[in-house]
Each structure stands twice: as structure tokens, then as C-alpha cells.
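First structure 1, then structure 2: two forms of the same chain, each alone, as C-alpha cells.
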Structure 1
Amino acid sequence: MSDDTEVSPGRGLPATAVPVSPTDPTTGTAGGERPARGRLGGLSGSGLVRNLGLVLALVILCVVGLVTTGERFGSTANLLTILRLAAVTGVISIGMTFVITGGGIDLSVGAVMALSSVWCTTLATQAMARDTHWIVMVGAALAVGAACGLINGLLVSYGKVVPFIATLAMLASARGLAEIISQRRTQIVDVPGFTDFFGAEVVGVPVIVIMFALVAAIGWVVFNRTTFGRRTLAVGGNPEAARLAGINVQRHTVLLYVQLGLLCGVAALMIISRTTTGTSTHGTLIELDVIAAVVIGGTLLAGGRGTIVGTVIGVLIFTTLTNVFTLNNRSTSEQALLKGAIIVAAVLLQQRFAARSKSP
């Protein structure tokens, strides 16, 4: 497996897989080159082919949609429906790509999103928002998300609790706290400025879709063009080597969980604007959709390899699938079956591509 291919920025290095080079990750600058492609020669082929495969899958889905339902699928309104659906899962998936690439996992995203949504819509927060500015609610959602992420990160990096368990604990307690705060009721948002802003459209594009696009763009730049991104790959690929290279692995791990928590806060804002409610049931089981999207996108669950573009396409594949099924009036069970098949097929294909490109 060429797990660590994208770890090494290795200027001018040959195309074969190179283990994490201790000095590389910290050198940081991308030198203005396009990452992955130009520098990694043959290995970029696997990335390219991988993404091509995903794009192909998405195109096939769209063709199926167009053939079976024609204009109903292709209309602008329907595309926006798909994107609005994708936005919430998408934003969290971008953050999850970083965490998984960095060798971790976060099962608590849905619960953290629920807690954020509840905290941000309590009567007290809303009253404060009406008295001052609705931005208070945004601050509350982001702060709660980031705080949960911080706890996750500290537990994982300094407490040495394995990510699976640390975030499982957060999953349980964040939703529990959300239930306590909301008294298990649905809290309705009545702050006009807030709903006006997030429910608005800019040149026909809903604000939450723009937010998703922004998060994806920023995520891509950070992942591919910054020291932070390179360190993430290094930490996930080989933490010991990363440590020897002078990366503060523990601090970096904390930051990874904090950014994901922050994005859960963003997702909470999106779901609040979509439903005008905050409840402890928001985001139930969303972690599974998120992890599935990240994995079919091509990010290695073991860490050390990741792709933001792949994740975005992964999210779009699942939401488009749902849309095509709804348009065709097909049953739930068929869709669940197909989703499972897609996950397996995507992972099997990736392994084959990876194996092939390793021995050209």
C-alpha cells in the first residue's frame, strides 16, 4: 500500500513510495507547486485515478438520474436541493478528513452538533441575541463545538485514551447534556436576524451551500498547501517519525479535534437555519454518513493519507443517490443495500488502484 505517498512532499524524489521523511513535514512551504500531482509523479496517478473513479461514479449517478427522471433531476432547483442536503454532512466530513488523516476518529460529531444546536437556541442565548446581536448565537454554537473538540483532543493526546473510546464517551455525554439543557424538547428559534441571514440566498445560492463551499475550499488549501496539512499527514502516517521531526504531535492532535468540533458548531448553525430548531436529536447517526463519505472519498481509515476533494465527492455521491432514489420513488431498503455495496466497491477499487500504481 502506498499509504504514506502524500505524506512526503519530497521535491524531485522518484515515484516510488517513500516512508515519512523526518525533515519533510516541517519544511512546510509548498513552493507554489501544485501538490501531489507534479511532484509525486507516478504516485499522483493513484490519486488522480482514485478521484477519477469517484467522479465517474458521480457522473454515472447523474446520468441515471437524468435518464430516469430527466428535467426533474437536472433542474437548478433539484441541484440546490442536493447541495443543501449535502451541506451539513459535508462540513463535518471536511473536518473528519483531517482527524482521520491524522490517525484519529471522532464518533461524537452528531452529538456535539446536537449539543451546539441546543446551547445556541436556549431561551437565555436567544434573549441575549435579541438584546445584542444574533452573532451571539453563532459564537455560542462555535464555542460549544470547539470546547467539545478540545476535550476530545486532550483526552486523546494527553490522556492517552484511544480516540474511539474518548469520542464514544463524548457521544454519550454530549447528547445527554443536550437533553438535560433542552429538557428533551425542541427549541424554536425566534431571532429574525439569525434566520434571515442563514436562510438567505446569494444570487440564487443558499447561504448554507456557500458556507459548505467555503469550508471545502479552506479545507483544501489548509490540507494541501500549509504546514498544518503536512503535519497532519505526518502525524497520521507515523507519529513517532513526526515527533522526531520536531512536530509537537500532542498539540497537533488537540488542534485536529478542535477544528472538527468547530465545524460541528458550523453544522449546528446550518441545521438550525434549515429547521429553525435546536434539539438533542439533531445529527443522530450522522457520524456514520460522515465516516462513510470520508472513506469512499479515499482517505485511509488508518491515517496518513487523505483527500479533501475525494471527501466532497463522497458526500455528493451519497446525497445524489438519495435524491435519485426519492425522485424514482424507490424503496428505502434498496437504497440502504446499494449504499453498502458502494462503500465496499469503492474501498476494493481503491485498494486495487493503489496496488497497481505501486508496481508500475
Structure 2
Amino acid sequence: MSDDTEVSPGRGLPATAVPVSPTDPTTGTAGGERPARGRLGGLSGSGLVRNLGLVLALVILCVVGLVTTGERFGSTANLLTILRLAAVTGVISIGMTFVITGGGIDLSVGAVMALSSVWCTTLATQAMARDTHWIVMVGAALAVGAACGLINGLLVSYGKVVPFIATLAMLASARGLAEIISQRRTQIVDVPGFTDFFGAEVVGVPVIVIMFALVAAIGWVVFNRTTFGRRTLAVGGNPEAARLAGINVQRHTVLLYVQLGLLCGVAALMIISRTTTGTSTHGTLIELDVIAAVVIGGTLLAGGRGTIVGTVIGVLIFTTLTNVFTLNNRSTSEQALLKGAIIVAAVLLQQRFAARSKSP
């Protein structure tokens, strides 16, 4: 049985299900990370070639960093700094890959992360954690993130609110609630067990980097090897065909937003461990970096095709780019300008590949 075209009855799509991606009608395969088969022209848009191109771009960035800053860029300390920065954005990007592949988008991830960080670092939560166990703080962050994701999902799937508008409203509301709870003050974390765990290193590798690697690995398996991943491709590629094939599109959409909310909670824990604070300013504009990394990685903004591997490489590209600019004392304005140009170029390439795959 092909991983792309069918799922046994009772476990997802019936064996006679329609193709789940409109982006590759010549091969009948889904829009995931597997290379296109058949005619040679389809290979140019395959996941393998896209990922190789991304790796080449990352290598070029590293060479530029080494040439312009020398040992400062190539030092072990700097490489670990890049990975720490990539971990927070990367965890959210994995969840965003599912949402965008499923035909949605979420602009509220930064605000949800901030709200989760504030809620789990309040004096009451920390006092409870000291009296019991620091896992209370973890539960609070995950619960808040999941709740925000649930609200987004319900608004989009059952309320029929456009994802852009629904998540824009959550962005404003979550950030505002975080400011109210914290009274716009930075909340210092004073729970030794929490900071000891999330700030630790395993064989020289920070725990938050290991968490990112685990999330990416689990995300890849779920996306490429489970019914949930195939349903996500189907919902994003053609919601009506997915509904006729027996998929509960509304429920699946809610689940997509809930898992993204959970990962925002995970990211909140990671950024708290880095800064030892919870504040309403955490994650400001991180949604732009997240969406950019996902798009650069090869996930279609229109839905129906996604790639976890590409997203991970996209995150590393943007984080490395920021690091190179910082080491060269370049302004954040220049960084933003270049990132904008990269996003436009990526979307134009997506459109070109999509048009080529549809041509006879």
C-alpha cells in the first residue's frame, strides 16, 4: 500500500479515496516530503531537490559567516547559541507546518507563547510548584497553549471565521490578557527544579535543543507515517473531497490548532528556561519568523503540501542568518529587509513549481 494514495477502511481514507493533493496530479501522490515519481519534470519540485537546495543555502550562509567573522562564528559556543535560538522558533514551526498544510494559518503563536509563559510564572503558580513539583508549571503552560489553540480551532472550523481573522483576534486578546495578568511586569522564575531541568545539558547539548530534535522527529513520523498526517494533506488539498472520503474536516481542523497551541506552550517553557522570566513581551513578531521558515522549507501556503525536514532546515537558515548579521553588527532593519525578500522569492518559486506540476 502506498503511503500517499490510500489508507485502509476504518483507519482513515477508504481505498478509493481521491488524491489528497492538488499540487501533483500527474503522479497521484500526496504533497508530503516524498519525491515525485514519473516524468522527469516532476522531480524539480520534489521534496528531495527542495531540501538539497535548502541545505546548499544553509552551507553558503555558514561559509559567509566563517569568512566575515572567522572563529567567532565557527566556535562551539556560537553554534550552540544558534541551536538554542532555533529551538524555540523550530518547535512552533513544526506545529505551524501541520496547520498550513491543513489549509489554515495562525498569527497568534507569539502571543499564545507569551500568555503561557506569564500564566505558568505567576506567584501563585510558582508557589504551588514549590509546594508540590515544578511539573505544575509545565502543566499550566501546556494547558494555556492548548486552550488557546482550541478556541482558534473552534472559531475556524465551527464558527466559519477566516483563519487570518480568528488568529489575529487571538493575537490581540492573548497579548492583552498576558499584560493584564503580569501587569506589564517581568516575572522572575524562582523554582530551582524547573530551571535545573530545562537549563541542563546532556553531553554538552542543551536540553531545549534535544526537545526541538524530539519534536521534529515525532512531527516527521506523524506527518509521513500516520493516518493523521494523510488526513492533514487531504484536508488542505481539497476539504470537500476529504469530507466525501469520510474525514471529519471540522474536528481535524480543531486538532491541528490544538497541537499548535500545545507546542506554543512547549516553546514558552523553553524561552522561560533561557531567560528565567515570564513576560508579555515574549514571542513578539515570532509568528513572522515561524511562517517564513515554514514557507521557505517548501510548505505551500495554499495547503495540501508540507515538509517537516524542510521546515527544520528553514528554521536553521533564518536563525543562522540572524546570527551572521548580529556578529557583523548589522541592523535589525537590514535583517528584516532580507527576510522579506527571501519570503517573496520562496512564494514565487512555489507558484512556479505549482504551475509546472499542473501543466500537461
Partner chain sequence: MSLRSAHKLGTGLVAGVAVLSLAACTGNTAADDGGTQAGGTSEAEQGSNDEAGDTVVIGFSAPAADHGWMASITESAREAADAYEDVDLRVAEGTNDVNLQISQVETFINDGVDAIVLLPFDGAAMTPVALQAMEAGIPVINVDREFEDPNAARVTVLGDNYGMGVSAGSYICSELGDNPDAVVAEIAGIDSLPLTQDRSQGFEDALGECGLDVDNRVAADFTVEGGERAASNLLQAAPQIDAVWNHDDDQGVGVLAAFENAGRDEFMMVGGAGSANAMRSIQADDSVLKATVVYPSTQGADGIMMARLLVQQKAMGDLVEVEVPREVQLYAPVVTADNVDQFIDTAFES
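These numbers come from a predicted model, not from an experiment. Take the two forms, superpose them, and find the largest set of C-alpha atoms that agree within 1.5 Å; that set is the rigid core. Here, a residue number simply tells you its place in the sequence of structure 1, counted from 1.
Peer 1: When you get a sec, tell me if the form predicted together with the partner chain is 1 or 2.
Peer 2: Pick structure 1 here.
Peer 1: Comparing the chain between the two structures, one rigid part rotates relative to the other; which of Gly159, Thr276, Leu85, Gly246 lies at the hinge?
Peer 2: Hinge position among the options: Leu85.
Peer 1: Determine the rotation of the smaller rigid body against the larger one between the two structures and give it in °.
Peer 2: Expressed in whole degrees, the smaller part rotates by 10 degrees between the two structures.
Peer 1: Where the rigid core has been superposed, how far does the Cα of Ile342 end up moving between the two structures, given in Å?
Peer 2: Value for Ile342 between the two structures: 2.7 Å of C-alpha shift.
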